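So this first bit is one chain, no partners, the form predicted alone, shown in structure tokens.
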């Protein structure tokens, strides 16, 4: 098999995977996680019914993949921001701003969480990329403390508070359809987290 054929096949596989993920987000948003079926998701893509199982075992895996993809893209941006921060405000802002920009671009993903909390609790949403992102945050927090950019804090506790705070505010923002309130959501998180670090 030549490289061109292999390349096309790989490209088609990725296109199909993306179609299934986008369809999953759309259907989960409309019907909820519990009421959505694999058939609903695949029918919405125009792909053959058996195609789903070439990529995912369950409907929940579609949602996990969507989160993982978003976490991967966001993680690269956040890491760059932390590296160039020269003070505590910048360190927090460079984390909060890109996160909320992603929320504004993918509101359906956060809407699914805010309206399906019971279903989400039944399966893990701590994806590999999310785990990696938290580990990277902890390493950069350690370096920022060493360089006196932020005060000496318990890294594990602060990482937990940091993640919980911005996720909770993001869900509230999307749930209440606060489209015009993005800057207020960002400012609230930054002020809250900076004050937490300084106290």
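Treat the numbers as computed from the prediction; the structure is a model and nothing was measured. Numbering follows the first chain given and starts at 1.
Heads up, the form predicted in complex with the DNA isn't pictured, but that's what we're talking about next.
None of 29, 165, 54, 44 but one reaches within 4.5 angstroms of the DNA in the predicted complex through a heavy atom, and that residue is 54. Contact with the DNA in the predicted complex, defined as a heavy atom within 4.5 Å, holds for exactly one of 38, 155, 145, 171, namely 38.
Using a 4.5 Å cutoff between non-hydrogen atoms, residue 191 does not count as a contact of the DNA in the predicted complex. In the predicted complex, the DNA lies farther than 4.5 Å from every heavy atom of residue 176. In the predicted complex, none of the heavy atoms of residue 184 sits within 4.5 Å of a heavy atom of the DNA.
Although the DNA is not shown here, in the predicted complex the stretch 13 to 29 places heavy atoms of 13, 16 within 4.5 Å of it, in sequence order.
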